[in-house]
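In structure tokens, the next block holds one chain alone, the form predicted on its own.
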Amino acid sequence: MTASLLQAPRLHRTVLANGLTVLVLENPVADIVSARLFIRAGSTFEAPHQAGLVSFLMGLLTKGTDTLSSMAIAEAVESVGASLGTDAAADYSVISLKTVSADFAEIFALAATVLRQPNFPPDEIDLERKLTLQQIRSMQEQPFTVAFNQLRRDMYGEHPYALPGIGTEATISAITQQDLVTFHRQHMRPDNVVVTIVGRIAPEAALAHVEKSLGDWMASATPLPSLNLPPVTAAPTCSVVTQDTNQAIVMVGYPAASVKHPAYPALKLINTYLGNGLSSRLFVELREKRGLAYDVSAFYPTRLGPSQFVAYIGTAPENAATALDGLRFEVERLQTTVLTDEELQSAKNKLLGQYALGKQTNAQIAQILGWYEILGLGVEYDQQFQDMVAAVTVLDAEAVAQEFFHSPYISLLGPEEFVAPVAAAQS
């Protein structure tokens, strides 16, 4: 699917009288329609004592409405072979659906109902709480997750990004039905929602379905909640979790740019160069050449607020010190070592190729359209991002490395006899 598919005149954008934004792209290739209902409310809107509330709430949307039980909702979806799901992220939450075109009206109306009229049945809350707590406990047994949660807490402090989106045992145990009702009432409103529809459906028909299901939904006169987030100040630390594991987890985290920062495209390119795939610099140097890594990579999440650039390695515990030195060297060398033209072009080809492959299906296109709209970037960012990546020079990459890649936060996990001396050497 080419970039032009996301651009005018094929893309129709409408804002309803109640403030709800609708994006429709007709794609008649297959008899499938995918839709997303994005809400501008993610975990950043949670109070610290309610961490995990949005994820918990989204999981409950399909578990009962004023007129439908969870079983009735499931049967309505499965009886026509459709799909209906929910998800929550740091900066937004979303309801997703996919149907054949003949069933779109019915399933979209159902999705609109679960968005507007959830009733959060107590028995479903209890079940969701039990399942979420099991998931949290399971994650606490995963060394990578434990090490990353520690790094995130150190990097973000009091900012909501510090906590996992799923929450903690303490916060999930304390969530009440009233907490869910209050958050839903404050944030789930038409002027805070973006609907994207992609597939075999005419824009006029799609808009008519949205008007029928959501057009009479009135926004509250109360202003939308505003974010008053604490600043994220850099104070790099080295933290240790001692566990009797067969491998050590070594992570370095550098405070990084938000999606709206000019450095964002260059950081995405550097992330691709360092940590994306079997040909990436970290994999070749630390695993293939030096045999240090069971697993090694890097990631740079797209965030509206301050992001983080993280490189990590799973290694034999006795190699923890060498692995940390190797990670830091490979990231921080970019401050003084200019990429070759071939290295930069290879990273561009990989990043832009994977970006194009991420827009192959109606569902993927609906996701990216709504994502850019909800982040305030606009659908034109689809082409802008590709142009900005293509324009990055080797000197741009060096300048960005000089700005961001120094004094990392460090997170170590492994047997105490190996990781404690590494941590002590950092102080």
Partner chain sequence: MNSVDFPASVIRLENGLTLIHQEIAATPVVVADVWVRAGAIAEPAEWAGMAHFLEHMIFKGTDQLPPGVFDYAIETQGGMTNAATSHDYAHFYITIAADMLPQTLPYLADLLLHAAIPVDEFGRERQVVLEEILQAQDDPDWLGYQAMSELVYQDHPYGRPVLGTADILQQRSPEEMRCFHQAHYQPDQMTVVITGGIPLEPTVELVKHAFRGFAPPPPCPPAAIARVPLLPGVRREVLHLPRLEQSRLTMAWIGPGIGQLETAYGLDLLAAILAEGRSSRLVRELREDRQLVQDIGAGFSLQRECSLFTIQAWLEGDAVDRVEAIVCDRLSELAAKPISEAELARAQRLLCNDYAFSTEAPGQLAGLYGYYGTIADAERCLSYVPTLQSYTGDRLRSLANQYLTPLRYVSTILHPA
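Here the structure is a predicted model, which means the values were calculated and not measured. Residue numbers count along the first chain shown, from 1.
If you look for the form predicted together with its partner chain, you will not find it shown, but the lines that follow are about it.
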message: Check for me whether its partner chain, as it appears in the model of the complex, comes within 4.5 angstroms of all of S93, D325 and G370 - heavy atoms only.
response: no
- prompt: Taking heavy atoms and a 4.5 Å cut-off, does G314 contact its partner chain in the model of the complex?
  reply: yes
- prompt: Does the 4.5 Å heavy atom contact test between F299 and its partner chain in the model of the complex come out positive?
  reply: no
message: Is E211 near its partner chain? Define near as a heavy atom within 4.5 Å, in the model of the complex.
response: no
query: So, in the model of the complex, is N319 in contact with its partner chain at a 4.5 angstroms heavy atom limit?
result: yes
Interface segment, criterion being heavy atoms within 4.5 Å of its partner chain in the model of the complex, picked from 224 to 232, 242 to 250, 183 to 191, 331 to 339: 242 to 250
query: If you check A162, A205, L127, A174 against its partner chain in the model of the complex, which one has a heavy atom within 4.5 Å?
result: L127
task: Could you work out which of D87, D179, D154, D295 is the residue within 4.5 angstroms of its partner chain in the model of the complex, going by heavy atoms?
output: D295
message: Within 4.5 Å of its partner chain in the model of the complex, counting any non-hydrogen atom, which residues from 273 to 312 show up?
response: N276, G277, L278, S279, S280, R287, E288, K289, R290, G291, L292, A293, Y294, D295
